[in-house]
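Below you'll find only one chain, the form predicted on its own, shown as structure tokens.
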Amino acid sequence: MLLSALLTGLVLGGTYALIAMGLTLQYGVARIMNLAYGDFMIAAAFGAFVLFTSLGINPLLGMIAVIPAGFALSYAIYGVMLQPLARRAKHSGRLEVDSILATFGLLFVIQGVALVIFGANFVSYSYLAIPINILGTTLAANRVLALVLALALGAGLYYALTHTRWGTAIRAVAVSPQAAPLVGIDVDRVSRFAFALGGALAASGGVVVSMYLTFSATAGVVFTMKALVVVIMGGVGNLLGALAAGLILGIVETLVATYIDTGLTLAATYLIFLAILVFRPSGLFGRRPS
């Protein structure tokens, strides 16, 4: 039973990590606290749902359409709505407040459109819902695939950010947006690209979630809060921290649900969140301010 809970926790944690990597890019690089992040992810989940149920398109193939759409839409949203806020903000604190207010409104726009089109009921579809045996315990193949996709996408992103020129520029803006222009980096352009890349990761997370979880038009806020918890736990802007924190959170939630009570999973999540804020505000893997 313990092994089964741990494997299930790794699947859930891998999904949390993938989702949180996108938010840590948007918040850690673009300085945008995107409260509509989870709803953007749910929109992608509905996209995968429609492609599979109406057109018979495999979710893996659906990613080829959904992920670029997530990138393009996020790129446009930043340019139209958030870039003016970033340019007029005199400091990062002001930008965070303005972005919270702006994306809070965006949250209701996305959620309202989803409610009109799909209603408030939970939906799901059956994809690779076949049992497979791993180390003597049984897991659904779609959950295993979700974990593999989350780890592969996360590893690919980390490699790109650490071994490419644009990845170096993104990391430079995350560390010091004031100093980045001194070495020829266009902070505004990099921030817009990082925000769009975060949207692409949200879209990929939505497709992954749709493979093995039920979801509804109003479920986005839960994923936003989970992603925020993981970002704070791992350290803002720290991709490896987000990966580790996501896996930890998934395992903790699964163990609480298995051995204590499923109703206490959210309580456990926010107790961890509160403890990190009080005792380690820079995150488990973040650098302490000097």
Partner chain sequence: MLEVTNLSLHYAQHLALEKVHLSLNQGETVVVLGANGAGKSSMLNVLAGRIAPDKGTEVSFLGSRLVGRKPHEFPEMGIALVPEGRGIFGDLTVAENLSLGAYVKHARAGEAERLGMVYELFPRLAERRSQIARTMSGGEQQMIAIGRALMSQPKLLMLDEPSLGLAPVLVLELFNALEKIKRTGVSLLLVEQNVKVSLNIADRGYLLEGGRVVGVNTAEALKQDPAVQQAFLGLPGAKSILPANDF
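Predicted model, so just to flag it, every value in this text is computed and none were measured. Residue numbers count along the first chain shown, from 1.
The discussion below concerns the form predicted in complex with its partner chain, not included here.
Does its partner chain get within 4.5 angstroms of any non-hydrogen atom of residue 216 in the predicted bound form?
Taking the distances in the predicted bound form, the answer for residue 216 is no, it never comes within 4.5 Å of its partner chain.
Would residue 168 count as touching its partner chain in the predicted bound form under a 4.5 Å heavy atom rule?
Yes, residue 168 is a contact residue.
For residue 136, is any heavy atom within 4.5 Å of its partner chain in the predicted bound form, or not?
So residue 136 does not count as contacting its partner chain.
Just to confirm, residue 153 within 4.5 Å of its partner chain in the predicted bound form by heavy atoms?
Taking the distances in the predicted bound form, the answer for residue 153 is no, it never comes within 4.5 Å of its partner chain.
Is its partner chain in the predicted bound form close enough to 175, 179 and 186 that every residue in that trio has a heavy atom within 4.5 angstroms of it?
Checked in the predicted bound form: all three residues contact its partner chain.
Among the candidate stretches 138 to 146, 98 to 106, 75 to 83, 158 to 166, which one is within 4.5 Å of its partner chain in the predicted bound form when only heavy atoms are counted?
Selected range: 158 to 166.
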